[in-house]
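One chain follows as structure tokens, the form predicted alone.
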Amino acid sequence: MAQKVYVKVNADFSPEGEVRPRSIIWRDGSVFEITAVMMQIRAASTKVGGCGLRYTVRVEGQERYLFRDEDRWFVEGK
């Protein structure tokens, strides 16, 4: 069953208030570089619940969803 996995995120913040995630830091300290941000929309996670900004990102050659729910970041984990 899928669950929310809260993660640390390194991000850039523009003067206009735009947020661009750069890397995801997993619970064990592993760092995963985000090589591309393809899309950013307001959406809910259909697997684990929660709502906020959903970033479609490329990590290690694969597309993943990264969610920003208020001031917390999460991914859909197993």
Partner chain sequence: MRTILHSDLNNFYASVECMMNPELKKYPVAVCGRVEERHGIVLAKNYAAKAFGVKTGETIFQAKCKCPDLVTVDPHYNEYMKYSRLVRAIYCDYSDQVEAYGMDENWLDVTGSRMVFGDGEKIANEIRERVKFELGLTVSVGVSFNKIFAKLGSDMKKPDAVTVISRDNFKEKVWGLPADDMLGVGRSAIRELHRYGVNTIGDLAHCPDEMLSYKFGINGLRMKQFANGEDNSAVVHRDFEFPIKSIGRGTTFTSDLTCNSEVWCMILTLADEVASRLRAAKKKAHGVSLTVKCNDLAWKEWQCGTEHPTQNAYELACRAFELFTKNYPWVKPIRAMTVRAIRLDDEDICEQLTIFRDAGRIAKVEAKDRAVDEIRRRFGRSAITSASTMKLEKFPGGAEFELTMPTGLLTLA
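Because the structure is a prediction, the values reported are computed rather than measured. Residue numbers count along the first chain shown, from 1.
Quick note: we don't show the form predicted in complex with the partner chain, though the next part is all about it.
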Query raised in the report: For this chain shown on its own, do Ile41, Cys51 and Arg54 all sit within 4.5 Å of the partner chain in the predicted complex, going by heavy atoms?
Result: yes
Query raised in the report: Wondering, does Asp12 line up within 4.5 Å of the partner chain in the predicted complex on heavy atoms?
Result: no
Report task. Look up in the predicted complex whether Glu63 has a non-hydrogen atom within 4.5 angstroms of the partner chain, and give yes or no. Result -> no
Requested in this report: Find out whether any non-hydrogen atom of Glu18 is located within 4.5 angstroms of the partner chain in the predicted complex, and reply yes or no.
Outcome: no
Query raised in the report: Listed by sequence position, which residues of 60-75 have a non-hydrogen atom within 4.5 angstroms of the partner chain in the predicted complex?
Result: Asp69, Glu70
